[in-house]
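Okay, so we've got a single protein chain in two different forms coming up as structure tokens, structure 1 first and structure 2 after it.
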Structure 1
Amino acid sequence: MALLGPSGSGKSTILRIIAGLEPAEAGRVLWQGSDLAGQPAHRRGFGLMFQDYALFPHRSVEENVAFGLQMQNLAKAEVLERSRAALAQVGLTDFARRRVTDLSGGEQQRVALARALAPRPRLLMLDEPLGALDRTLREQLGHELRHVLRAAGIPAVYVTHDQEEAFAIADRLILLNDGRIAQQGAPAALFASPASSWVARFMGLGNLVQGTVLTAAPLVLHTPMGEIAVDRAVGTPHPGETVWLLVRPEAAQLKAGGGQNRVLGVVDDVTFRGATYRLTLLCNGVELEVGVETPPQVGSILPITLNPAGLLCLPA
């Protein structure tokens, strides 16, 4: 499960409350129905992995992984067995004797994960574990991390502010805004049906245009671009109500001729995105972002048709 949200939304605070490092001002933390209030952090059996990894620079990779096990006063043979098993889980068996200062950032991340896995925690909590890495390495390690967590069979709570990272790793998302749950569910469900304009805006799901409901059945909105027919809505919009129209980039299609949901846009900017180009169009004062394969000239006027299936009406 990923806790996703902007900085200051309460993600790390919730993690620390679960871990027993901070008291909750209200509410309860339950584990299989049992209240953990008053139970110290070291007795909860939870593992915690921080963004900076907190590795010991004077110890080898294996010694770092073994540290938590030694604090549990386990026999040397068991410490060695668990340490090597954890290193094998993260693909670092051949790195056991190396100093952590000789490792790359990605390798250090794996050592920190092995150290968290070695005590076999009931729950593993990860606080922005990939935040210090570059984008390419984050994507690579994100997929590896998902595989390791699934193979270990340990439930995990993962804190991040990166939507793509959360989508790639999590089975379930809890989206936080100012300490409150804005929406929760499977990543695909949140992507398909954001509960509010804030959710859609934070997750970068498309263009948001304010409008007014003209008719509810069929649903037609009055917007600065004109009258727009919409197939789906969150809640039950009523005529005269102010709403937001979510226009996903794939819903805006370059298409000449008349018909429903046709608008004209002036090309204001063209950005190269690899396989496609992202256009910023001005449609009667409204900005729309559209993906195309062949870039037009800035300043040209393009006919756009908005596919009702790619539109969503959201409450204001």
Structure 2
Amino acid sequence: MALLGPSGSGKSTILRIIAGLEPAEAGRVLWQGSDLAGQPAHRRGFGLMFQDYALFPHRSVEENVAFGLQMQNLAKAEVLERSRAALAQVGLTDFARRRVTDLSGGEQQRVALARALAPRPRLLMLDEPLGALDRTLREQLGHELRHVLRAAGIPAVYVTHDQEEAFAIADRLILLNDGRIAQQGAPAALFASPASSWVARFMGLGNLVQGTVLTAAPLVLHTPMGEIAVDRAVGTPHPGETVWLLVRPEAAQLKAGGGQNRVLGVVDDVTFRGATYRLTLLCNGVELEVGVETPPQVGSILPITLNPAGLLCLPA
């Protein structure tokens, strides 16, 4: 499960409350039906991987990983064996004797993961585990992390502000805004039908254009781009209501000719994106970002058609 939200939305605080590091001002933390209030962090058996890893600087890699096992008063041989196994799990077998201060950011991240996993917690929480890493390392380690979490078979709560990361790792998403749940569900469901314009904007699902409802059935909106027919809506829009129109980048088709949802746009900017080009179009004061395969000239006027299936009407 992933907790997704902008910084300051309360993700880390929720983790800290679950872990027992901070008391909740309201609400309860339940584990298999029993309230955890009053149970200190060290008796909960939950693992937490801190944002900056919080590795113990005076202990070696192996000593860091072994810490949780030592706290369970396990026999020395078992501590050694299991911390070795945890290190092997994250591919750091050869690093056991190193000082954690000598490790790179990616290596520190793996040590932190191994340390959190080694005591086999009932629940593992990860607070922006990839946040401190650069982009390429983030993708690589994100992939490994997913692998390790699946293999360990421990339920995990994953906090991030990066929606791609959340989509990639989570079975279930909880979207937080300002301490409240904005939406929750499977990543694909959130993608298909965001509950509000805030969700659509935060997840970067596409362009948002303000408009008013002309007719409810069939649903037609009045926007600065003209009258637009829309296939789907969240909630039940009434005529005259102010709404947001979500235009996904793939909804725009470069097509000459007349017909429904035809919009004229001036090409403002073209960015190369590998397989496609991203165009910024100005359509009567509204900025639209769309993807195309062949780049037009900047400044040229382009007719596009918005496919009603790629549009979504959202409440204001």
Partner chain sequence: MSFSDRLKRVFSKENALTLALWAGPLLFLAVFFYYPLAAIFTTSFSELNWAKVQPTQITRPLSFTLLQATLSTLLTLLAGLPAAYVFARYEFKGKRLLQALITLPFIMPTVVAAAGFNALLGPRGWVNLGLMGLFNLENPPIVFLNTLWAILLAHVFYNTTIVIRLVGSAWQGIDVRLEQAAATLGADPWQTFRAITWPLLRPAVLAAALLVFIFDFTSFGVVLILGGPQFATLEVDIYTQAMTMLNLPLAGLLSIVQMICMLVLTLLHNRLGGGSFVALSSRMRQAAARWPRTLRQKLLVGGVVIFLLTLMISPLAALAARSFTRLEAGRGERGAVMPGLTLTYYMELFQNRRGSLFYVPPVQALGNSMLFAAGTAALALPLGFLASYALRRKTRLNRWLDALLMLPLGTSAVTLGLGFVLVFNRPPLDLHTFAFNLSLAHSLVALPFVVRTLLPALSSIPTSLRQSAAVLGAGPLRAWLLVELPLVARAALVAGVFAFTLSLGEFGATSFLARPEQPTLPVAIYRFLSQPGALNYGQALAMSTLLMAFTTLGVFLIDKFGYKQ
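Just so we're on the same page, rigid core means the largest C-alpha set that superposes within 1.5 Å between forms. For residue numbers, the reference is structure 1: its sequence is counted from 1. Keep in mind that this is a model prediction, so the values were computed, not measured.
Colleague: Two copies of the same chain, shown separately. Which of them is the form predicted together with its partner chain?
Modeller: That would be structure 2, which is the form predicted together with its partner chain.
Colleague: Cα of Phe202 displaced 2 Å or more between structure 1 and structure 2, core superposed?
Modeller: Moves: no, less than 2 Å.
Colleague: Once you line up the core, how about Leu92: does its CA shift reach 2 Å between structure 1 and structure 2?
Modeller: Yes, its C-alpha moves 2 Å or more.
Colleague: If we fit on the core, is the Cα of His58 displaced 2 Å or more between structure 1 and structure 2?
Modeller: Yes, the C-alpha position differs by at least 2 Å between structure 1 and structure 2.
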